[in-house]
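Form predicted on its own, single chain, as structure tokens, below.
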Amino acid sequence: MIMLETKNVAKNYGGLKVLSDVNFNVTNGEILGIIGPNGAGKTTLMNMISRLTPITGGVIVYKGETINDKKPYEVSKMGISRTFQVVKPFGGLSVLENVMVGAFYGKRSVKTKREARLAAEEALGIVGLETMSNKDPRTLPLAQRKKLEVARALAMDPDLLLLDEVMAGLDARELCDMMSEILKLKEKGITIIVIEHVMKAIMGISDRIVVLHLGRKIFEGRPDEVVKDPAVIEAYLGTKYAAKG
């Protein structure tokens, strides 16, 4: 069953076309990777799905319902949550309290601090940060701050989780750990769209990959197919490398 589908989605800023006629879908329980060179429009697309950015053209359909005119809090209540590329925990709040904030805006209809705490503790346990609950999140190393970002999104009880470069800046050990965590989320039945520049990561966790270049989709297919496609090679490495392929 298709959970989310974009139909001819476009985004313009004045005369600048950031995205044009982007079509793809993600099915229940799938991990869909989205890759592309810098400026391809990946985060803009994520912002449109989570309704942080207005849609210029086309339609985004989630669970059979058009969400073009929804507010961010409305799609959160529908089961869409996301992380952000730049991790900025709330200052003055503990790790646990940061995650509790997410619980209040998610699908569970959390109304009390006790309910939010339970949801937050569960989310921290999933990502392995349960022993960090009382710490100041600003003191955490990058890998743990990335996990905190994921935990806050998980506390919203998502059906569709949007991950925006949660593996950027991690070392080899941390990268493998985060990949493992994401695959565990899939096992729990969460559908995931992940943007990532780290090719080892995106190839290792994705069921399918969509490639964007200059605001357009240039390829969609399995990870093993992506690395062989001439258009993808040209977008990343240049024309002469595509010709060699």
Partner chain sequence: MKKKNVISFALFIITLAVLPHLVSGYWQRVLTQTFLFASIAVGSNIIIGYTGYPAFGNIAFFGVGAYVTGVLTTKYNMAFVATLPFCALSGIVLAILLGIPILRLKGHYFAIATVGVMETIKELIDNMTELTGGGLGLTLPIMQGEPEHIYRFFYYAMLLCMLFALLLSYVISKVKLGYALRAIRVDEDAASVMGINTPLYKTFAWALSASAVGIAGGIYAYWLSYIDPHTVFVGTYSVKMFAMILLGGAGTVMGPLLGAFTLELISELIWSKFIAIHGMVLGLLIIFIILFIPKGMFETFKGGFSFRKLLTNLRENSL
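Bear in mind the structure is a predicted one, so any value in this text is a computation, not a measurement. Numbering follows the first chain given and starts at 1.
The same protein also has a form predicted together with the partner chain, omitted here; what follows describes it.
- Though the partner is left out of this view, A123 does not reach within 4.5 Å of the partner chain in the predicted complex, counting heavy atoms only.
- Within this chain, G128 is remote from the site of the partner chain in the predicted complex, having no heavy atom within 4.5 Å.
- Taking the partner from elsewhere, T191 is found to have every heavy atom lying beyond 4.5 Å of the partner chain in the predicted complex.
- Interface membership of M132, defined by any non-hydrogen atom within 4.5 Å of the partner chain in the predicted complex, is ruled out.
- Interface residues of 102-137, taken as those with a heavy atom within 4.5 Å of the partner chain in the predicted complex (partner not displayed): G102, F104, Y105, G106, S109, V110, K111, K113, in sequence order.
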